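First, one chain by itself: the form predicted on its own, in structure tokens.
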């Protein structure tokens, strides 16, 4: 698939509005419109930078767009969890001074060497003897790097587990730590409790597993990366407050045998999801069906996690004869929403609760759309959402 090549306008040049309604009234967008909320990026970054006792690595895969990278950098996030050479190069193109960490346990041949030699990346992850052999052969002088051994962390509490593909049991991890130490590299541990993790206790359990692994290995690690999985506040699944996570994690750190290890985390959607809204337009209404100008192949991959129900419906807006935005009339009712492509699978997984007065040409605004939207969109059938504006509080 070829993604359309577009010239990205500087963030400062984007149209700016004081409210979402003002943006819709002025732009009257007929194509999907991404709205950036800079103050929400700043607030999310501040929460982690002040609450987490160590380095905060933004998981670039959740939203690698230059606007998101720039807003988080300006908010103080200067470390980036990158999972490929392409992601590293994408981050460095926008932020040359960014500190990238190559945190994928399996890499394409040659990418580790290129990351080190071209971009100064010194953190890498393994979860098998074979991948460690490949990494050491590529790097040559292992003393230049830190190697993180990834543990399995199948602990429940997350909506998408992350241990069936990557990670190893404590016994194998202990062996790998011993090999890493013998190679001259600095030994470290990491894990991932799962995506959209709603249980703070899962992090404490995984830290305890890491502590036992270190004891089993008899190796002094220099860093522990507790991975990502920190949840976004989507409708229908409000997570515990973040300070519960940070308090639980700090207590688990305090119970570790080694107290002087560097501590890292990799939030993705927790940093970027709140910072974007999406404006879609109803192309056609047929009874209880809505045909939108965006869908699963565009911005809605993340709908496997989010749910728009009667307790938290998206906003519906219509423009009156004077071009002013108002809410359509009518009681809330469920609508089945379809995307613009000619694929019958292009539909949102759950009904949308919206006013019965909704009709073609009206707008539906979805909040918390900063994660896995622009990073997952495709140009299937020739549709590719890529219009931007800024809303300042």
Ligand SMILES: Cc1ncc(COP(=O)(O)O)c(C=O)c1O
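Numbering follows the first chain given and starts at 1. Note that the structure is a prediction, hence the values are computed from the model and not measured.
Below: the form predicted together with the named molecule, not depicted.
- In plain terms, the part of the chain that comes close to the named molecule in the predicted bound form, with a heavy atom within 4.5 Å, is 224-232 out of 141-149, 318-326, 224-232, 86-94.
- A residue is said to contact a partner when one of its heavy atoms sits within 4.5 Å of a partner heavy atom; residue 186 fails this definition for the named molecule in the predicted bound form, lying far away.
- Remark: residue 40 does not count among the residues lining the named molecule in the predicted bound form, judged by a heavy atom distance of 4.5 Å or less.
- The named molecule in the predicted bound form is not approached by residue 280, whose heavy atoms all lie more than 4.5 angstroms from it.
- When contacts are judged by a 4.5 Å heavy atom cut-off, residue 195 counts as touching the named molecule in the predicted bound form.
- Though the named molecule is absent from this view, in the predicted bound form it lies within 4.5 Å of a heavy atom of just one residue from 276, 72, 290, 103, which is 103.
- Interface residue among 249, 174, 168, 162, judged by heavy atoms within 4.5 Å of the named molecule in the predicted bound form: 162.
- Residues of 116-140 placing a heavy atom within 4.5 Å of the named molecule in the predicted bound form: none.
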